[in-house]
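Just the one chain here, laid out as structure tokens, in the form predicted on its own.
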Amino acid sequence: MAGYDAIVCGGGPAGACAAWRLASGGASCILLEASSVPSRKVCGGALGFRARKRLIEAGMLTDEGLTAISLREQRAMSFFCGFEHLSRYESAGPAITMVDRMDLDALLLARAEAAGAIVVRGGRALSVAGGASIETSGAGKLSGDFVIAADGASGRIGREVRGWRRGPAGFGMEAFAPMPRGFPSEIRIHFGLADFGYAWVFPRRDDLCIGIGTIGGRNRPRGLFENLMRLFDRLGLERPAPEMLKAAPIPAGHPSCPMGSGRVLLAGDAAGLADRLTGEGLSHAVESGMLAAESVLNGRGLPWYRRAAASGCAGMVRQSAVARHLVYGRRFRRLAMRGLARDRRFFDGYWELVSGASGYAGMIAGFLRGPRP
């Protein structure tokens, strides 16, 4: 039975970042990725400042490397309540980098492999038995000092460790369409088309990513689908064929995730690290993967990892579980829409949040002050 310092389950951003940091730090590491090639995710591909900064400062990627896969740098956003236009804002702050998730995932996985991590494509973790022993398909039985489960919202190892405490509580779907000539280049956010969620239009280089998602709202997939099709109609776009539509759960159960058990550490979607207001998970995946690897390298394991995540990505997710009621809750929804329509302070806080430049303090402060008359 092969033994390693760490076994990483999942080759998405969380798993790839964990494997890269482990290998770069001199640890023996094997990464199991069930897909032979990066698969398409329900993700608009908005890479915020927080994730970009961490990847560059850690040395995993360079600014030039990220620029090479960038499809568009976004600094403008239009808000809608349903289909009623509220406002359009431009930010002087950090840009949101639009990337193709398959390109980003492939790049991160290649960097992990180049650092010395053993990557097994088509290798699936089947179960974790006592300590950190893993039964796999494609790689036999493996043992490690630690297991980092970054196998997504529905991954076997994550479900085994979480048990009843956390499961997907949200749902999203998206499709792509060619960008019409003269189409507005800014991000469009449509509130009101999903309970406790929103629809989005992300212009990229030559196409549009159009989707809808909800976290914890009273929505049925059929209703979300119908509203997404209505959005295509209002944009004057041809409705996508069923096979072009991608749908997936969003990992957003109760925000008191234990982050692991024993020598098994959860990262990214497996830990439920999706923002409860925006649904964003890329920055949390990158950060949690790096932190989980660091806890293995420093030998402090789960207790250290929990504390580090609580002051970073996991702490932000808990804040978002409260802040989402200020935007989506019935008592505050009208005030939030008024703030987005009339007050730049609210937008500045929202942009800093979604771009990853800061946490929830700015947005909440702008909300509590209320819009200027």
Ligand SMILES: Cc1cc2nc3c(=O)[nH]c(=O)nc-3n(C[C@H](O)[C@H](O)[C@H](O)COP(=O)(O)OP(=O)(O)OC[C@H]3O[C@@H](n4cnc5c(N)ncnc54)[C@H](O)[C@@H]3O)c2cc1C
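Quick caveat: nothing in here was measured; it's all calculated off a predicted structure. Residue numbers run from 1 along the displayed sequence.
Beyond what is shown, the protein has a form predicted in complex with the ligand; the following relates to that form.
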For the three residues Val42, Gly45 and Phe202, verify that every one has a non-hydrogen atom within 4.5 Å of the ligand in the predicted bound form; reply yes or no. yes
Only hit among Gly197, Gly172, Gly260, Gly144 for heavy atom within 4.5 Å of the ligand in the predicted bound form is Gly172
Residue among Gly192, Pro249, Gly217, Pro94 with a heavy atom within 4.5 Å of the ligand in the predicted bound form: Pro249
Within 4.5 Å, heavy atoms only, one stretch in 291-299, 149-157, 86-94, 218-226 touches the ligand in the predicted bound form. Which? 149-157
Does the ligand get within 4.5 angstroms of any non-hydrogen atom of Glu280 in the predicted bound form? yes
In the predicted bound form, does Arg121 come within 4.5 Å of the ligand, counting heavy atoms only? no
Might Ser35 be said to contact the ligand in the predicted bound form, defining contact as any heavy atom within 4.5 Å? yes
Look up in the predicted bound form whether Ala14 has a non-hydrogen atom within 4.5 angstroms of the ligand, and give yes or no. yes
